[in-house]
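One chain comes next, on its own, written as structure tokens: the form predicted on its own.
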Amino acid sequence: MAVKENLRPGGRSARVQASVHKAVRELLADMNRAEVTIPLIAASAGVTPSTIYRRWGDLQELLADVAVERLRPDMQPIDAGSGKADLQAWAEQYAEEMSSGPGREMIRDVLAAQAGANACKCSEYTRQQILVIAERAKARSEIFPDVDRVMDDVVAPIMYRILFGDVPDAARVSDLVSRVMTTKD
């Protein structure tokens, strides 16, 4: 079941979502993930389990929704003075955050959900961050690769290593950024 979009900004729906998200975060901080259940979340959030089932469908969709919200960037990428430096700083931070224990858990939650909407939201958050860097570089009259190329040549290898290999170190990230910045289309 897909996560239903909030029909009205604010109001009861927003309060329920905020309360349920907070309950999930607190329970995950205090107990083993396998022990967290919808009835526990509902009790902690002050809602009925049917409210959670109606809105999210199942526990995995709820965990994915909470993870997506936590993965939403809360600030613009660092302005390090050039497109390459901006991308380097952003990519290093991205690799570090996503490869951390909590980062890996959030990635797993998003990918384990049946609906692909949450994964698409995460991809769009990343795309928007790179777009900010690209627009800054273009405003400085710098050449910057296409956003899709950065997604394919920098973000995808970082994510692949996080999911199936080791933590991409700073040297690996730097190499990916250097290659995308010097490759001609």
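Not measured: the values here are computed from a predicted model. Numbers follow the displayed sequence, beginning with 1.
Note that the form predicted together with another copy of the chain isn't included here; everything after this is about it.
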* Asked: Quick one: is Leu176 in contact with another copy of the chain in the model of the complex, heavy atoms, 4.5 Å cut-off?
  -> yes
* **Non-hydrogen atom contact Ser44 with another copy of the chain in the model of the complex at 4.5 angstroms** => no
* **another copy of the chain contact at Ala113 in the model of the complex, heavy atom, 4.5 Å** => yes
* Asked: Quick one: is Gly165 in contact with another copy of the chain in the model of the complex, heavy atoms, 4.5 Å cut-off?
  -> yes
* To do: Note which of Asp30, Glu135, Glu35, Asp148 lies within 4.5 Å of another copy of the chain in the model of the complex, where distance is taken over heavy atoms; exactly one does.
  => Asp148
* Structure fact -> As a check of understanding, the residue in Ala156, Ile143, Ala139, Leu131 with any heavy atom within 4.5 Å of another copy of the chain in the model of the complex should be identified as Ala156
* Sort through 120 to 128, 35 to 43, 22 to 30, 49 to 57 and report the only stretch with a non-hydrogen atom within 4.5 Å of another copy of the chain in the model of the complex. => 120 to 128
* To do: Heavy atoms within 4.5 Å of another copy of the chain in the model of the complex is the criterion; list the residues of 58 to 74 that meet it.
  => none
